[in-house]
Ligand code: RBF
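Form predicted on its own, single chain, as structure tokens, below.
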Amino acid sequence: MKKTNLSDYDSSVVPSGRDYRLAIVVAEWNREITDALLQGAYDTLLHHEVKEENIKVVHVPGSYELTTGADLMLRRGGIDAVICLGCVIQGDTRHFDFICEAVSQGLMHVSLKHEKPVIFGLLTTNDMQQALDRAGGKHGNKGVEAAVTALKMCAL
């Protein structure tokens, strides 16, 4: 069965986050979208018992900077996982391809370097409507999915 809602998950298989400290690095570019992703992730972490004081939210200018933000959070220590949230919308140039590739490779590198989960919560859409649909619209909220993924990875 094809999954069509990013916010649908079995809550019973998500570990409690009461012992975890998480950072959320969120891009300011496309803020209408990224603010909704942030809210979804934050609320989900609280729902799964992550203490508010154990959630550190930092903003970076754009999606390209998510990698550096994640690296800085992990370098400072005391973080069990980093959730990275951003949105890149396809335009008329190849900028989209370069940014998406750099972020995906960069976040993987940071995760392996620090041996900590770095969650890819980057929307890569063809247009604004697709982004809205995945930031609390008809396809749920990618931020929720990213938070659930972080908790499951922390439990490993």
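What you see is a predicted model; the values in this text were computed from it and never measured. The numbering used is simple: start at 1 and walk along the sequence shown.
Just so it is clear, the following notes concern the form predicted in complex with the named molecule, a form of the same protein that is not shown.
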item	value
Check all three, Trp29, Ser63 and Cys87, heavy atom within 4.5 Å of the named molecule in the model of the complex	yes
In the model of the complex, the residue from His47, Lys51, His95, Lys113 that sits within 4.5 Å of the named molecule by heavy atoms	His95
Contact flag, Ile99 vs the named molecule in the model of the complex, heavy atom cut 4.5 Å	yes
One stretch from 126 to 134, 105 to 113, 51 to 59, 29 to 37 that, in the model of the complex, holds residues within 4.5 Å of the named molecule by heavy atom	29 to 37
